[in-house]
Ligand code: IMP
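Only one chain comes next, encoded as structure tokens, the form predicted on its own.
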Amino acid sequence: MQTLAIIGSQWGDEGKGKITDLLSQKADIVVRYQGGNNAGHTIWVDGKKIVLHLVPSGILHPHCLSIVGHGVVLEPEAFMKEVINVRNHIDISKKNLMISENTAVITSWHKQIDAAREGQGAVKIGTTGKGIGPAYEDKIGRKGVRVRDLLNKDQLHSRLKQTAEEKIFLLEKKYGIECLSIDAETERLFQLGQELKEFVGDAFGVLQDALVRGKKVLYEGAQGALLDVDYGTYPYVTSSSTTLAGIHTGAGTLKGQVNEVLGITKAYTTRVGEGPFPTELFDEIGAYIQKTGGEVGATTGRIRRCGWLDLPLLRYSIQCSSLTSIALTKLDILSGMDVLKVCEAYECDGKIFKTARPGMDLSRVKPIYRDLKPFKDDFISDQLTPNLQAYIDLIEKELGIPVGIAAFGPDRKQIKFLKSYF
């Protein structure tokens, strides 16, 4: 196995950071291929909590090159703050961290517009207010700023000027928000460019050369498949391709191939922000899972909504992201509960659906549950109890792909590999 993709199979927050960190031990390169600092990947090492938003989760392994791919939208100030924080744990230089020169840049105007829209719009999307959506709008509209522009003040000023009038008018006249002038924003971003220029390079070329030479590459995704701009629960989605397709457009592959696609899957389901959620629990069980699981967003601090595992949604994620195996995380949160259920199908308008679809109105479906025997594992022994093994066996049978990893805590050591990767 030369290439491995880490993709969230739900609405994000599945534990991708920990799994990426672990598998990075055997990788030569880790590439973040989409999203921005709206993502938060939490890693626990020897009792110390490290939260990464833009820096790839392979950064804690000195031998591994971490790449921020051109499919990402980069907030330079947030990136540099993160670099400073990570340097408390490990040395960082261009030898182990690189930003693609083609990566799109988030401006101060993008963040202000994002927050203003969410605050005044009729429909609440649940955005983080980090400027992600507006930055992708400029990128697709062919009027965005790229990282390479930050290194040339005249070029940067010219690029900003193309869209500044519209943004400043929108902020000041429509929303009544004071914002930076073109000159001030140019100076701010140029200074940030001087700080991060040591990391800027031809990341695509470096990645292609490494793939040709047989180096092991791990692709790290942010958010989850159900938040994909095309495949997700639109309009309550992010602005990038969070599925396998995002790797091809946001990083690059060798001959269009990824050997293994690992879907990170929480043992239950969570969602932060707005949008439909068929298995959401509004009772004491949901409250217990939220509290015991520490279900609070790493980026926003928002409480996550909690519910039972949703197999129809997982079947859909497997189809739209070509998942070949899954990592089942947070099993310890369900251990010891008196009740255990999974949603095996939906009922809607008198019909039964085993798999979700993009156009399906999930707010109208009724989940059909299967009751299972609860498990009470302490995860000290290498052996799983029969009830937990039955839970895993059911998931494998229903989804048609193996559970390759079982995780039962936040630390690197709290994991069991059921198949080999790399």
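Computed from a predicted structure; not experimentally measured. The first residue of the shown sequence is 1; numbering continues from there.
Below, we turn to the form predicted in complex with the named molecule, even though it does not appear here.
Only one of 219-227, 170-178, 286-294, 318-326 lies within 4.5 Å of the named molecule in the predicted complex by heavy atoms, and it is 219-227. For the options 43, 39, 68, 64, the residue carrying a heavy atom within 4.5 angstroms of the named molecule in the predicted complex is 39. Proximity of residue 302 to the named molecule in the predicted complex: non-hydrogen atoms within 4.5 Å are present. Looking at residue 127, you'd find a heavy atom of it within 4.5 angstroms of the named molecule in the predicted complex. Taking the partner from elsewhere, residue 238 is found to have a heavy atom lying within 4.5 Å of the named molecule in the predicted complex. Although the partner is absent here, residue 132 lies within 4.5 Å of the named molecule in the predicted complex, judged by heavy atoms. In the predicted complex, the named molecule lies within 4.5 angstroms of at least one heavy atom of each of the following residues of 1-29: 11, 12, 13, in sequence order.
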